[in-house]
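Consider the single chain below, provided in structure tokens and representing the form predicted on its own.
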């Protein structure tokens, strides 16, 4: 019970519950099963891209190219489906694109030691430019009707198949990270890269793998995005990187790396995805969405920095107390 109460994911979940209750108090019509389930169903794209971002943050880095990765993958897959290409081939192509982008980012950050913010920002610009070149700036429309219905396909009541599959994937990834040796490498590298290397953990390879996984999840989110929206524009995916970072930090993942879980990132993603719907019930325009996201991100980052400073200070005091106690014990022994 103590372990559960200390879990960062619990704080994120309680924040989500309180947020729903506040909106429900302001507008009682919100607190219905249909609206609550809709918040979760609408969060699928955010959850997928946030889980991928979590891998980059676990290792103490960041990937601001996930939005462009999402958009470019959605563009390519959308064009292939529109032109009658086999679905499996189109999906596999999209996943390979995401993996290639992730591998490129991993090479730049882990092997070339370029700051992750700078390198992935450059990748973001390249991918955005490629989207315009690939489509000529035109929208990708007329996607197959069956493909557009995949996102909203119901499983049980109002719960969709897409959300159910996403939830299962998140649980599986969480178990792999927590209960497998290689899964724990990501947290270890983020917590102490030099120490991880000393105990035999391949830090460079782990960082590359983290970026590849991040790229694959971003690509999958792009495929799901195109199914949900039904079309793709040259600006698709803009802003998703900020929401993914906010979702991860809101879910209890430390920006310095080494702390957090994909469960927390998923809960944070549900919160971020619900903002637009909550604004409607609060009778506020969707123009406040980005403002609220930015304010939440700033607040979370400040709180995370204060918590890290407090933890570092407590650890320093404990080390000092231990050394002082040892010194006193030694003097007493000599006496």
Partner chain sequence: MNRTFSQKIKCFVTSWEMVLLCLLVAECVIFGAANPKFLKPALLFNSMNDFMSICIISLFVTFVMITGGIDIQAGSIVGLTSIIIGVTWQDYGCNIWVSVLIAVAAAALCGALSGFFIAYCGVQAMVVTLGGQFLYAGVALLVSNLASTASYQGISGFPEDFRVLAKTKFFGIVPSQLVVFLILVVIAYILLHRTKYGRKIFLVGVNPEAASYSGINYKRVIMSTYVLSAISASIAGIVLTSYLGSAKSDLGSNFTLNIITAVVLGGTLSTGGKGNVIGTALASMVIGLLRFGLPLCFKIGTQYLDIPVGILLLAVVLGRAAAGHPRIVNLKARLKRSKPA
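Numbering follows the first chain given and starts at 1. Not measured: the values here are computed from a predicted model.
Omitted from view is the form predicted in complex with its partner chain, to which the following refers.
**Q** Going by a heavy atom distance of 4.5 Å, is residue 86 a contact of its partner chain in the model of the complex?
**A** No, residue 86 is distant from the partner.
**Q** Taking its partner chain as it sits in the model of the complex, is residue 129 near enough to touch it, meaning that at least one heavy atom pair lies within 4.5 angstroms?
**A** Residue-level check for residue 129: yes, a contact with its partner chain.
**Q** Is there a non-hydrogen atom of residue 281 within 4.5 angstroms of a non-hydrogen atom of its partner chain in the model of the complex?
**A** Answer no; every heavy atom of residue 281 is more than 4.5 Å from its partner chain in the model of the complex.
**Q** Contact with its partner chain in the model of the complex for residue 33, defined as at least one heavy atom pair within 4.5 Å: yes or no?
**A** Contact with its partner chain, no.
**Q** Using heavy atoms and a 4.5 Å cut-off, decide whether 125, 256 and 302 all contact its partner chain in the model of the complex.
**A** Checked in the model of the complex: all three residues contact its partner chain.
**Q** Which among 108-116, 160-168, 139-147, 76-84 is in contact with its partner chain in the model of the complex, heavy atoms within 4.5 angstroms?
**A** Partner-contacting stretch among the options: 108-116.
**Q** Can you pick out, from 92, 133, 175, 194, the residue that has a heavy atom within 4.5 Å of its partner chain in the model of the complex?
**A** Exactly one residue meets the criterion: 133.
**Q** Counting only heavy atoms, which residues in 234-260 are within 4.5 Å of its partner chain in the model of the complex?
**A** Going through 234-260 in order - heavy atoms within 4.5 Å of its partner chain in the model of the complex - the hits are 242, 243, 245, 255, 256.
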